[in-house]
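This document contains two forms of one protein chain, each encoded as C-alpha cells and listed individually as structure 1 and structure 2.
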Structure 1
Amino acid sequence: MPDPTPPPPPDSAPRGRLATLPRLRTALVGLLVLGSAALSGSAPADSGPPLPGGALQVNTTSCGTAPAHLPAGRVSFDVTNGSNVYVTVYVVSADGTLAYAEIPWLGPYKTLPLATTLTGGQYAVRCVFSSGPVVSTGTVQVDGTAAGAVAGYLPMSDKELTAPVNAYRAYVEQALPGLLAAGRALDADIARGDLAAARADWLTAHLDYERLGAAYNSFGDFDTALNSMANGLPQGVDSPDWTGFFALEYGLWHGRSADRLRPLSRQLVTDLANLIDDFPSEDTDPGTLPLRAHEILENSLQFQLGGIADYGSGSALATLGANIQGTEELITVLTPLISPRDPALLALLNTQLPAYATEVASYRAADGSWPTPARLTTLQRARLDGDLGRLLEELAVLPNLLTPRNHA
C-alpha cells in the first residue's frame, strides 16, 4: 500500500556503471516524446498494439509531458521515475477533484505503466513525490466516449481516517468493561461448578468479544490468548497452551470438569483485564479500519458458516450475528468518509447489513438456542451463503475506496 509519508530514499544515487544509464535513457526518450507524444503509445502488458498515452519522464520538478489530446478508450502511460525518491502517480480530473488511476509506488529510476480506460473529458497526470513535491502535467483533453470507462473517485488523505479511528477506539473502550464483566460471570460459574450456567455465560462473553470486530488479530497477542482456534497448535485441541474462548468452549461442551476448566476461565479474566489496561496505549493502524470492514465477515464466511470455529457450542450463527454488528459499527464510524465518495454504496450497506442481521436472527429458536449451519435446509444455507457473498462483494470496495491518496 502506498505510504503517504514514506521513508526517505537512499541519500546517494545508485552507484556504479548502471547508475548513469537510466538518466541517459531518460534524456533520450524525453527528447523523442517532445516530438511524438501524441502519436506514440506504450505497449500494454500483453503483446497487442500500443495504447495511446506514451512515455512520461517524471522528476521532482515535472510530471512529464502528456499529449494534449487523446481518444477516449484505453490509455497507458509508461511512467519513468527519473528522480531518486519514490513517486505516486495518478490520473486525475483536470480540476483535481477526482482520481481515476494510479501507480501506488514507483521506485527511483523505475518504469511502470499507468493504464486505465477514460471517456471524454479533461484530465491530467499528477506526480506526488515522497520528498514532498507535487507536480502535474498540463491538461489532457480526451475526445469521444468510451464503454468501460472507469469512474473517478474523490481521493482521501490519511488524516481523514483519524476521526473514524478515534470513534472506533471509543466504541471498543466503552464495550470492554461489559466484556470483562461477562468474563468474570463465566469464571464465577465455573468456580462454583455450575457448568450449565457457564455454557450460557460463555456465549454472552464470546459474543461480546466477537462484536468488537476483532478480525485478523486486531488486538495482537491478546487476541491470540483470547480467541485463537486449535488448528495451528501442535497437539490441536489437546495442546496445553491453548487458552481463550474456544478452549473454554471445547471443554464446556466436551465434558471437562470444572476443576480442569477453572485455570482457563481465570486466565481469560486476566487476559481481558490486561487488554483493558493495555488498549489505551496500543496504536490502531488507521489503514486497518477499512480493511476490517470486509475482513470480519470474510472470516465469518470461512470460520462460522464453514463450521471450522465450532468447538461444540453450535453458536456459529450467533457469532455471525455479532460479527455483523461489529461490521455495522465500522460502517458507522466510516460513514463520513464513504458518504461523499460512494453514497450509493453506503445506502446499499445500510439496507443490506440490517437485512442480513434479520435473516440470521430468524434462525434463533424461541428458547434462544441456535441451529448449526449444518442443520439448516439446503435452501436456507444457500440463502445465508449467497446473501453474505453479495454483501462481501460490496464491502470489498471499502479498502480501495478508503485508501489514503494524499495530494492525489
Structure 2
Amino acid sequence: MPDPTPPPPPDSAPRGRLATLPRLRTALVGLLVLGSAALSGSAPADSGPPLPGGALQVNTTSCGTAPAHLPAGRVSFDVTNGSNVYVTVYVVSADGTLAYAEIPWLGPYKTLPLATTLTGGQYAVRCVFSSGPVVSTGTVQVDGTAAGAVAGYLPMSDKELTAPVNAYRAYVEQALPGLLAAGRALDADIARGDLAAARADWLTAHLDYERLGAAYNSFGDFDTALNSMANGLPQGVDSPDWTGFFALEYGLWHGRSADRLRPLSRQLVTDLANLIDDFPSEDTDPGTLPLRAHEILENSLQFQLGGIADYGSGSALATLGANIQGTEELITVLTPLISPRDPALLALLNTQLPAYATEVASYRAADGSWPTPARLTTLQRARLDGDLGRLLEELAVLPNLLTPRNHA
C-alpha cells in the first residue's frame, strides 16, 4: 500500500472547474487527473460565439452581478477573483440545496470559466472565500428547457464524513487482533522450522493486512515497518533494515533458513502488537476515505497486476482479491453519502465489485494455489486488466463526489 501523491494544498495553482458533477469520469485509468481542458484552469478552445453568462468580478464582499435572465442550455461565467485570498465558486439552485458546477480554487487576481448546462429554473452563483466570507449573486432566471442539462448534486458538509470514518476505524480495530494472531502463527511456524506452513500462513497474514488498505495513512511508521518494499533501499533485498511482509516473502520463497527468517517474524509480531496499541491515538483524515476507495485498486493495477510487489510468492491475484474486499468495505461505510448524491453509481459499484471479485477468484486452482498474472493467457489478462480499468473509472468519481462543500 504505497503512499499516494498528496493532493495540492490550498495555496497551490488552481485545479480548475468541475462542469459536470457528479458523474465526472477520468480519462486516465488509475489516476484522478484534473488536467483536461475543462479541468485545467484554462478555458477550452471554442471557435463559436460566446456562451451566455458573461463576466463576474468577485471579491470578499460581492460575488459579482449575474444576468437576471438566461436562456436554457450551455452557460459560462468568466469569474475573476479581485481579492487576495482563494475563492471557491459554485452555480447553485436559488434555494442553495443543489450545486451544478464549481471552480474548486480560484487564486487571487486569476480568471477561470464556470460553465455548465442548465434547464429552466432559478439559480445563483455563490462565492466562498478561504478567509471566511460567503456571498452570492442575485437570482438568475433560466428560461426554457435544455437537453443534457446537468443534474444538481447535493453539497456535503465535512461533518458528514465523521460517521463513515468512525465506522471504518471500528472495522480496522475489529480486524487488527486477527491480523496479530495470523502474524503469531507465522512466527510459530518459523520458530519450529516448518517453512512450508510458514509460506501458507504468510499469505493469510498478508491478505489480512491488505484488506485494511484505506487505513495505512493512520498507521504512521508502522506501515513502513510492516509493508515496505525493497525498492530504493541501499542494498535492495539484502538491506539489513528491511522488515515486514515483503522481506519475509522474499526470504520464504528464496531459500533463506528459518534461523535467518526468525528475527523478521519476531519483529513482525512486535510491530503488529505495537500497531494495535498505537492505532487508537492516530487520526484518520476524513478526506482520505473517498480517495482510498479509488487508490486501493489503482495500486493493485500497478503493483499486483504489474508484478512489482511480487517477491516470490506469486500471490498477486490473491492480494488483488483482498484489495477488492477492502474496497467493498469502504463503499459500505460511504454508502450513506453516495446514495443521495449518485444512486446509479452506487448500484453500479455494488454490482461491479462483486463481479470482479468473482472473476479474480475464478483463477484460483482447486488446490488453493494461484497463477501469477504472467501465466494467464493473453485473453485472460486483457479481460482482467480491462475490467479493472472500467471499475477504476467508476471509483474515480468518489473523491470528487464526496469532497466537502460546506457552503455550496
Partner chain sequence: MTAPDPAAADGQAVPAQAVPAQCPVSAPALHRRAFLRRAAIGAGVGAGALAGAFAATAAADSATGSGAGPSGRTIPFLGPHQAGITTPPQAAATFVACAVLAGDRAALADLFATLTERIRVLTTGGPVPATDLASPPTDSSTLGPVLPADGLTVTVGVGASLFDGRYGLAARKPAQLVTMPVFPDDDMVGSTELHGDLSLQICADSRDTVMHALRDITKHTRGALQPSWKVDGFHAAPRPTGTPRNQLGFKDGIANPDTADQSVADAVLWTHGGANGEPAWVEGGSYQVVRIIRMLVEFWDRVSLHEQETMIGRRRDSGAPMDGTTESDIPNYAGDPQGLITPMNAHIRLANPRTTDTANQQILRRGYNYERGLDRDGNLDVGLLFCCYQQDIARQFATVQQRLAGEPLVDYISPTGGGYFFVLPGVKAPGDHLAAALLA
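Quick note, the numbers are simply positions in structure 1, starting from 1. Rigid core here is just the name for the largest C-alpha set that superposes within 1.5 Å across the two forms. Keep in mind that this is a model prediction, so the values were computed, not measured.
Engineer: Which one here is the form predicted together with its partner chain?
Structural biologist: Structure 1 is the matching one, since it is the form predicted together with its partner chain.
Engineer: Would the C-alpha of Ala196 be classed as shifted by 2 Å or more between the two structures after rigid-core alignment?
Structural biologist: No, because once the rigid core is superposed, the C-alpha of Ala196 moves less than 2 Å between the two structures.
Engineer: After the core is overlaid between the two structures, has the C-alpha of Pro336 moved by 2 angstroms or more?
Structural biologist: No, the C-alpha moves less than 2 Å.
Engineer: At a 2 Å cut-off on C-alpha positions, does Pro280 qualify as shifted between the two structures after fitting the rigid core?
Structural biologist: Comparing the forms between the two structures, which are aligned on their rigid core, Pro280 does not shift its C-alpha by 2 Å or more.
Engineer: Relative to the superposed core, report the C-alpha shift of Thr117 between the two structures in angstrom.
Structural biologist: Shift of Thr117 at C-alpha, rigid core superposed: 4.4 Å.
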